[in-house]
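Take a look at this one chain, the form predicted alone, written out in structure tokens.
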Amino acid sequence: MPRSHILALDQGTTSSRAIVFDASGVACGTAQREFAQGFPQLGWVEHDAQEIWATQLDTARSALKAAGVDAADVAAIGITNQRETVVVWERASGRPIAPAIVWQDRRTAPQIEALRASGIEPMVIKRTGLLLDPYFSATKIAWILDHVSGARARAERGELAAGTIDSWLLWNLSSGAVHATDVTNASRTMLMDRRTLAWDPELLAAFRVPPAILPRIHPSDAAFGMASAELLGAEIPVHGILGDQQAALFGQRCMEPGMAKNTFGTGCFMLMQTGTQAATSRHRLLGTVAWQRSGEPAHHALEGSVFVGGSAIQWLRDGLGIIRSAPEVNALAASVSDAGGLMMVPAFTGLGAPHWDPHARGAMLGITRGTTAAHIARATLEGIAHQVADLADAMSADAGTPLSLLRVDGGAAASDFLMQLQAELLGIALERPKVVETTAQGAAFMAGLGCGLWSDASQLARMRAVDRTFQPTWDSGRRADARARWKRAVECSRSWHPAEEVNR
């Protein structure tokens, strides 16, 4: 019998998930496990890389069991992952030498400021499409090498390996046989030239990253290696890797230039496919590689990143304790007709695009004696939606034409309340697919194309089904007033922590 299923590993910022898809693209087995978040200092965010691997392996086994599928029936594994998060480990033992530094981490803000002062940013933007920011991987790698005793010398001798989470998972799946990444993840490090799709020697030197520790770069649908039989019960080829937001773009079947999606996850990420020409933004968005299939030129995208999206709802649950589970926020927010004049800017780890202020911090403005938990919940959802509207404004300005439709996905996209609010603030329709977890689906599709389970992208497009379309109802005056108040609130949150406090 031919192998007829794809196992997608979806390693996110707060949880590891695995989903088994059948040949029609339908999920038939799912497992998910949260893991610990570390906040050891102001502006620092860390993960235990060993726990990431343990939870991902556990969910892979559990998803196969839930689907009633043996490993021998799986045609390929697709990997999608939180991007920019960095692990450095020993090649001999496979042990990390330090906690993983997460994409949200701001500890390298002083180094970024020094690099900006040196005049390097125009070269970085031209070659990578990225702005200088602690968000990206390069300064995180250098920080670990500089702060773990002997690490830099060991890296120069080739004793250490470094990579984003996809590389860490691939290393473990292959029992240390493969150290590789794909073009989408490499494009988020600030170390790859997006024109040549190769590590750039000048960038490596500028960020002080030894080339010996980096993975090999491959197309997104490459044959990356084999998952060891002792892990899942049979050898399975790893045939697709995509960073999580590129995977969602692919899973939403945004195959034509100008098509856009927004993922409502831990953060919020809007991508517009721009074709095979590398895009450069005039409004402080990012140019990034969208995907590359073997033997074809890479596709590119414009991207806007919001650092705090769904994690603001987690803060309402875990930090304030005003909800017991994330879905409760919708009923609580809907219990009031408005936010009572409250504005919430969830800049807990700085502001992403188009502001790019690593020193901004969360702000709650307009508190009165009448402010309730319901007002806070509603203002938090509004803060998420306003940040996405900021991305859409910048993207429309870059494209020279307003967005007419936005495809949405991610866990928080399941909230009808938030999606309707988002449509109101954007003034355009939102289209939610029946499968909102398009990140895992995109990785599965890429792996399935790579191994030949599906023939081409047009076959995937025919498999897409829409759950609901959200239409705006606000008039332009109400929308403009809301956006003007938001912009005032954002200015209050800017430059709250100086660089020396971020790194204290």
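Between two forms, the rigid core is the largest collection of C-alphas that superpose within 1.5 Å. Quick caveat, the model's predicted, so the values are computed rather than measured. From 1 onward, residues are counted along the sequence shown.
Absent from the display: the form predicted in complex with ligand ADP. The rest refers to it.
Proximity of Gly321 to ligand ADP in the predicted complex falls outside the 4.5 Å heavy atom cutoff. Though the partner is left out of this view, Gln314 does reach within 4.5 Å of ligand ADP in the predicted complex, counting heavy atoms only.
In the predicted complex, ligand ADP stays beyond 4.5 Å of every heavy atom belonging to Asn172. At the 4.5 Å threshold, heavy atoms of Ala414 reach ligand ADP in the predicted complex. Stretch 405-413 is the answer when you ask which of 291-299, 201-209, 405-413, 128-136 has residues with heavy atoms within 4.5 Å of ligand ADP in the predicted complex. Ala326 is the sole member of Leu365, Leu115, Ala142, Ala326 with a non-hydrogen atom within 4.5 Å of ligand ADP in the predicted complex.
When you look in the predicted complex, the only residue of Gly287, Gly310, Pro433, Pro96 with a non-hydrogen atom within 4.5 Å of ligand ADP is Gly310.
With contact defined as any non-hydrogen atom lying within 4.5 angstroms of ligand ADP in the predicted complex, the contacting residues in 255-270 are Phe264, Gly265, Thr266, given in sequence order. Ala326: CA moves 2 Å or more between the shown form and the other one after rigid-core fitting. Superposition on the rigid core between the shown form and the other one places the CA atom of Arg116 less than 2 Å from its counterpart. Relative to the superposed core, Arg317 undergoes a Cα shift of 2 Å or more between the shown form and the other one.
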